[in-house]
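Here we start with a single chain on its own, the form predicted alone, put down as structure tokens.
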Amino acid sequence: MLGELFYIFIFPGFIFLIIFSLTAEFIDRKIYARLQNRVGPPWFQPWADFIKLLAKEDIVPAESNPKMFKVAPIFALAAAISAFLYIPLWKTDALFSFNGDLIVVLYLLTLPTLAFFIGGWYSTSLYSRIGSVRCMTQLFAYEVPLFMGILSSALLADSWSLKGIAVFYMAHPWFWLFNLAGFSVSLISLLGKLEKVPFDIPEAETEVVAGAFTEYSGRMLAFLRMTLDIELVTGSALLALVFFPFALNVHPALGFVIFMIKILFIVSLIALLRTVVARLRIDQMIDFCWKFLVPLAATQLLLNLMLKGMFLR
């Protein structure tokens, strides 16, 4: 029991996840700045922003639904943290490994977006409601290719368990090469989930101030921003495990370092992608997902079905 509590709250649970998420935010912002010929923030900037928000007053709009307005950020943060606990880090087992945990992780990663919608909608602000509607509109665009890209890898491994996927690709290391299209689709879709350029439409500051977060301040805004940072780490960890399941059964210290490198590699790719592409309109984003990402994900799915039929009977 004490070991599980340590895993949940200390390492690699809540406290470690906060530290690593803020570090990932710094790396993302630093790479983004350097690629634009800017200096970028100092290493402590994410910490300073988080602490500053925690010290500020929580202001609840007079016409909002105060219960829904306050609960949404906590609900979003809890869902993002819970998803991370199902992902193996330096070995093939996580604290809550079971057959079907991949579906649970994908479900938990969907909940923060729903919480953003609820919080923005019940704040009753015009800007917040526009941002909330955009959140939900994007959700129906990027979730399909994201799920198809990840589940095609699981289909080839014949397992809905993260442990089963990792074990399969460690036993058949050359099969991961056939999942590069699925990885590309999932990486681009993850940009939409994180609401990063070119899919930062729900919080486009030049159009809707901060979107669903417009009326939030203080600790509640800190929780929302922390949720996005944790989603960045959790989403990157999920992609690293599903598409690059290497060095999981080595020495725990070495395996952990390698896994962190894989996560930071994906974070760096996200920073690169959002540097070279301009923001899209919401209709362009939907068209891109359904006309390009979904067919590419479907192609990956068919390829994996053929591979499974030819080599894994």
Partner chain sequence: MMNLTKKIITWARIKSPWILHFNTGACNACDIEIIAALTPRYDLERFGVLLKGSPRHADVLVCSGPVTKQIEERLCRIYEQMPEPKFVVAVGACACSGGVNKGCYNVAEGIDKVIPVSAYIPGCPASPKAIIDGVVKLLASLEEKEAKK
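Keep in mind that what you see is a predicted model, and the values were worked out from it rather than measured. Residue numbers count along the first chain shown, from 1.
Below, we refer to the form predicted together with the partner chain, which is not included among the displayed structures.
| Interface residue in the model of the complex among Tyr216, Tyr142, Phe84, Phe116, criterion: non-hydrogen atom within 4.5 angstroms of the partner chain | That would be Tyr216.
| field | Exercise: Ser268 in contact with the partner chain in the model of the complex, heavy atom 4.5 Å | value | Although the partner chain is absent here, Ser268 would stay clear of it in the model of the complex, with no heavy atoms inside 4.5 Å.
| message | Is Gln36 part of the interface with the partner chain in the model of the complex - any heavy atom within 4.5 Å? | response | Yes, Gln36 sits close enough to the partner chain in the model of the complex that at least one of its heavy atoms falls within 4.5 Å.
| Should Gln45 be classed as touching the partner chain in the model of the complex when contacts are defined as heavy atoms within 4.5 Å? | Residue-level check for Gln45: yes, a contact with the partner chain.
| message | Is Lys67 near the partner chain? Define near as a heavy atom within 4.5 Å, in the model of the complex. | response | Looking in the model of the complex, residue contacts with the partner chain do not include Lys67, since no heavy atom lies within 4.5 Å.
| query | Looking at 187-195, 96-104, 203-211, 134-142, which one sits within 4.5 Å of the partner chain in the model of the complex if you count heavy atoms only? | reply | Single hit among the candidates: 203-211.
| What residues of 43-59, in sequence order, lie within 4.5 Å of the partner chain in the model of the complex by heavy atom? | Heavy-atom contacts within 4.5 Å come from Phe44, Gln45, Ala48, Asp49, Ile51, Lys52, Leu53, Ala55, Lys56, Glu57, Ile59.
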